[in-house]
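One chain follows as structure tokens, the form predicted alone.
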Amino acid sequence: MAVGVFDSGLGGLTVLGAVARRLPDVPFVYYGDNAHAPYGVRDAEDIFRLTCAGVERLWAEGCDLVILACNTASAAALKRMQETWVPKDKRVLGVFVPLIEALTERNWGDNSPPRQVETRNVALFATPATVASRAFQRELAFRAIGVDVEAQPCGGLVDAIEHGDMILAEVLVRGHVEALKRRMPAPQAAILGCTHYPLMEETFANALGPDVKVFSQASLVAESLADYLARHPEMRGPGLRSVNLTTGDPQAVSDKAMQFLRRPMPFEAA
């Protein structure tokens, strides 16, 4: 029954909360690689190695299906994992898919030629590694034409959120929005391309202005996962327990998670 949720730190808890609410009968195993966070400043080889190690740990918990609730891992490692590493009886899915489905208003399985879409100017806020990968732009180009994506690497933002320094996080968000708008003064839509960023969604929205539609990931991923499991019920793994695992200090991570989510979230050592 169990499904795995992987993240480099605490950001994936926003996705975990949404999928657990949407699928209350499914046990979820969360793996946070807090000892090596953040991933956004690491190179692609390092991200691949760490992500594979985390996914293997989730497989050991009986999770045949793992969601990479980490945009950096999805951007830098997922394609290589799927093509060269994931066995046929397992699945590893990323978090870009639901965003692109929502932005282009088409299903991921729709393999018709790319077409014009209503939204033409898109702001992408993400970690430096996600921006450098250009994975979002590459996947978007398969499904839409004529969309201008301006990407802003949001250095420092994940660290500020993970440390609970929301004052610094707000300052950083406003600065990153200002920097992007100097290059794209009138975006129609904004993608919050990191699972930490939903905690700052209101700040992003206020800085961007009322005419910009903000796409956040948690609820989109939850609906996408529900649809996937309805179509592929065999991918519910044999695991039965819900548990939160961390490569960091369990007590310290539990304390941070409670500050992060404003509710108790106990972790065990991975």
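Residue positions are given as counts along the sequence shown, with the first one as 1. Here the structure is a predicted model, which means the values were calculated and not measured.
Absent from the display: the form predicted together with a small molecule. The rest refers to it.
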Checking V158, L140, A123, L99 against the small molecule in the predicted bound form, the residue with a non-hydrogen atom inside 4.5 angstroms turns out to be V158
Counting only non-hydrogen atoms, which stretch in 68-76, 143-151, 170-178, 115-123 is within 4.5 Å of the small molecule in the predicted bound form? 68-76
So in the predicted bound form, does any heavy atom of G40 sit within 4.5 Å of the small molecule? yes
Within 4.5 Å, heavy atoms only: does C194 come near the small molecule in the predicted bound form? yes
